[in-house]
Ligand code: NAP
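Shown here is one chain on its own, the form predicted on its own, set out as C-alpha cells.
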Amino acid sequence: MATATRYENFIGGEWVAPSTGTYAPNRSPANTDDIVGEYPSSGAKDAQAAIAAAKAAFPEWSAMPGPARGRILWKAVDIFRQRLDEIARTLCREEGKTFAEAKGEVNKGIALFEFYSGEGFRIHGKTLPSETKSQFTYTIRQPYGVVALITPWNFPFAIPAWKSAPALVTGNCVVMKPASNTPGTATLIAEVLQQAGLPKGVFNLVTGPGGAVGNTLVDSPEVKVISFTGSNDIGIALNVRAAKRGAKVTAEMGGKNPVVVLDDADLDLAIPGILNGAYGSTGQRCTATSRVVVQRGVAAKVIEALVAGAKKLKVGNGLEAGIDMGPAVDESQLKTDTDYIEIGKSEGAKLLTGGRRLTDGSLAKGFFFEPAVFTGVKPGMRLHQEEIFGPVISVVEVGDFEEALHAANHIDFGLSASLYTRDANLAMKFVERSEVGMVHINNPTVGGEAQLPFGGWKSTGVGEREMAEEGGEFFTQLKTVFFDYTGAVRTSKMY
C-alpha cells in the first residue's frame, strides 16, 4: 500500500510541522481504506503560533486599501476555478458528497470569494447631519484584528469561504481551525490563498482537535472575534466561554427544517424539492428538509411519492458515476442515523422505507445508510423535535393551514422553512408568521446565495448573519467621527 501524503499547518506564510509531532490519517467515509492524507494533530502551541503570526501581520494588512485586498481575493477566485475539479475531488473523498454535489459546493464557495472581492470597494459607513454648526459627523468601519474561524465538516469549502472571505477583505487576519475529519479541503484553500499572493500571516490554518486548538483560540485575549459553525452543545458552550472575556461571537448551529405542503400545491414541483432537500448531501446540511408537514387532502399522494423517490436513490461512493447519495461522514454520524430509526419506532412512528446500514459489495467499507421515510409523526416526538443530520424524512399530517403553521413552528430551531402552495395570501401569511431566519415559497429548504444573508432564529444561532453585506459587517467595528471644521488646521500655501 502506498504511503499517504503528509501535510502541515500553514502559519505565518509557511508550511509548519505540528509541535506535537503527531498526525492523523484522513479516511474516506465511502471507503476507510482510502486515506486522503495525514494531517497534523496540533496542540495549543500551534494555535498560539498562528495567533502570533496573525497579530504580526495585522498592521500592514489592515492599512492596505480595501480594493487592493479585494484584488487578492479576485486572483484567488481565478485560481480556485482552475483547481475546481481537484478541490471537489478532495472534498468528495473526505466528506462523502457525490462529485456533482462537491463541484456545486466549490462553485458556491468561489462565488462567495468573488462577491467579497468586490466588497473591498464597499466597506462603508454613513454621513449624518450634526446638531452642531460647522461639524461634519460620519461613521467608518474598521477591522478588529485577529479573528478565529472554527468550521464544520459538512461544507468544508463553502463555509470556510463565507467566513474567511469577508474577514480578510475587511482587513482582519485569520486563524482557521477546520473540522478534524475534513482538513484536506481547508488545506487546499490555504494553498490557493498563498498562491494568490496573500501576505504572510494574514491567513493561518491549524488542524487538530477542538479541545486543544479550538479552546486556545476561544480563550486567547488576542482573538477579538470568533465565528463558529457546528453543533448546539459546542456552540453554546463556546459562546459562554468567549463571553467571559468579552469576545465577539457568531455561532450558526442546528436546524430541523419543515416543508409545508398544502392541498393546492403543485406536487410535480414539491416532491423533487423535498427529495433534494432531504437526501442531498446525505441530509447532512443544517438547512436539510427533515420534516414534511402535509395537508391530509394530498397526504397519501405525497407519502407514496416520497417513498418511491427514496427507493430510487442509488447510494454509493460519490466518486462513481450515477450515484445519488453518498455515505454518512463517519461512524459516529452513522450511529446517530440508526439510533434515530429506533427512537422513531419506539415513539410509535411508522417506518415505511429505509433506515438500514448498507454493507453489500463495495459498500462494506463505508458508512452508507438507506434513505428513510417515517409517517405517523406527531409534533411532540423526538423525531419531530431533534436534529438527526441524516437522510430521514418525518411526515406530519395536518388538517389546515393554521395547524400546519403550528406544527412547523412548534420546535426550538428556526433556520429555514418552505411552503408549497398556489395561494399567494397563504404564502404571505407563512412568510410573516414562520419563526425562521429564511423562508422559501415553492422552493426546497436548502440553498443560499452570496449576496443574501444566511442564518436563523431561536436555538439555531447566536450573533449576526453570515454571507452578504451583513457577513462583512460582522467582522468590522463601527467608529463615529465628529469633525468641527471651523477649528481645522489650515494647510500651507502651495506654490
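Worth saying up front: this structure is predicted, and the values here are computed from it rather than measured. From 1 onward, residues are counted along the sequence shown.
This next part talks about the form predicted together with this ligand, which is not shown.
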property	result
Among the candidates P160, G255, P371, G96, the residue which, in the model of the complex, approaches this ligand to within 4.5 Å (heavy atoms)	G255
Heavy atom within 4.5 Å of this ligand in the model of the complex - the one residue of P199, G210, G125, G118 that qualifies	G210
Contact flag, E101 vs this ligand in the model of the complex, heavy atom cut 4.5 Å	no
Exercise: A270 in contact with this ligand in the model of the complex, heavy atom 4.5 Å	no
Contact of D337 with this ligand in the model of the complex (heavy atom, 4.5 Å)	no
Contact test in the model of the complex: G230 vs this ligand, heavy atoms, 4.5 Å	yes
Contact check for Y279, A310 and I393 against this ligand in the model of the complex, heavy atom at 4.5 Å	no
One stretch from 296-304, 399-407, 144-152, 347-355 that, in the model of the complex, holds residues within 4.5 Å of this ligand by heavy atom	144-152
